[in-house]
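First, one chain by itself: the form predicted on its own, in structure tokens.
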Amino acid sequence: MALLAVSNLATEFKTQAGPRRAVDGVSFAVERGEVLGIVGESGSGKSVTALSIMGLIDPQVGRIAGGSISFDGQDLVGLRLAELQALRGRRISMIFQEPLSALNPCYTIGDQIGEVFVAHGDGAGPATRGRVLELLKLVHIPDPEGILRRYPHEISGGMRQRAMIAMALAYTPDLLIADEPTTALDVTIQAQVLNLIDRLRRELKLAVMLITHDIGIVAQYADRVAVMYGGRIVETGPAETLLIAPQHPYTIGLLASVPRLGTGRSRERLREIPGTVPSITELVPGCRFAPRCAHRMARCGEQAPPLEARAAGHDAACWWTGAA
């Protein structure tokens, strides 16, 4: 049994035009100990999928409109808040995109990490302080005693992200959701953070959902990949086969837009995918990628293609079969 199994998930938000789905019929699974990379442009529905799993969709503006989210055999959809809070931070944790926004500027780093233990009934005091120090050492923060007493604005972006990782690992969760964990970090710091997550997931035997817009990151760190576009998964499969032999034009376009060094292509202009991801208020009939697709046919604008097998464990939702 998969650790996490998402089936036909639909999450919608209120708009002036009425309810609109940001996630529409998404299904995937995460096995114990593996890394699932979820990749796609901004607005594809990646973060909303993660927030749905965590039960963090604000009921004032949105809701889960259908589907199921099974975690270790328990359906998370419809759980009471207290039941969700018992899971969050202990068995499922999330690293958010921007640590400076996720961290409270009025509390020290030590207090905020310690709050995880307080929230789960372990209380404050010297024992909790010792556990916080161990977590800061675990994520290789220099001078953990000093960082413990500092406020978020007093440390670098890389250190803030390490503090967020320490907070997420407080109880060694079974599943770690990393939502664009290197956004706004320098390239060298990005590599440090991603290598840290990879090392810790191996040492602690975590399952990881790695959400990113950078297909190069999933190529390096993911075991399997799910490509999202317009609130749907358009292709999924093992990283080594999906990235070598992509079957969906969107995946092909993402790969073609990645700069390559050390080859003749390094002097070529980067290839782009024309157009933009449709907004949540746009109702695109048929395949949502069709308006941007070089291989679109009449059928593409009329009927949404199902996610079907192209190879062993490798599925794509596309009427075009030219890449098969």
Partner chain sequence: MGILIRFLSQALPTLLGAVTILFLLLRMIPGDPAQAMLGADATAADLARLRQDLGLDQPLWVQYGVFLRSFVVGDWGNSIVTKTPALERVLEALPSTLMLCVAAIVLIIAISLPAGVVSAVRRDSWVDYGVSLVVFLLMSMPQFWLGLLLLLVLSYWLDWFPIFGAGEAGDLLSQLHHLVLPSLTLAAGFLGLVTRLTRSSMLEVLGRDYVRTARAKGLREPVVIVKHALRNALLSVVTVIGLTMGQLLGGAVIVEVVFARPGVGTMIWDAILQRDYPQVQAGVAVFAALFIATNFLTDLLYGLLNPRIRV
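This structure is a prediction, so every number in the text was calculated from the model and none was measured. Numbering follows the first chain given and starts at 1.
Just so you know, the form predicted together with its partner chain exists too; it's not on screen, but the next bit is about it.
Note on the interface: of 203 to 211, 128 to 136, 85 to 93, 72 to 80, the segment with non-hydrogen atoms within 4.5 angstroms of its partner chain in the predicted bound form is 85 to 93.
Contact check for residue 112: a heavy atom falls within 4.5 Å of its partner chain in the predicted bound form.
Proximity of residue 106 to its partner chain in the predicted bound form: non-hydrogen atoms within 4.5 Å are present. The closest non-hydrogen atom of residue 58 lies within 4.5 Å of its partner chain in the predicted bound form. Though the partner is left out of this view, residue 116 does reach within 4.5 Å of its partner chain in the predicted bound form, counting heavy atoms only. Put simply, of 293, 64, 54, 36 only one has a heavy atom within 4.5 Å of its partner chain in the predicted bound form, and it is 54.
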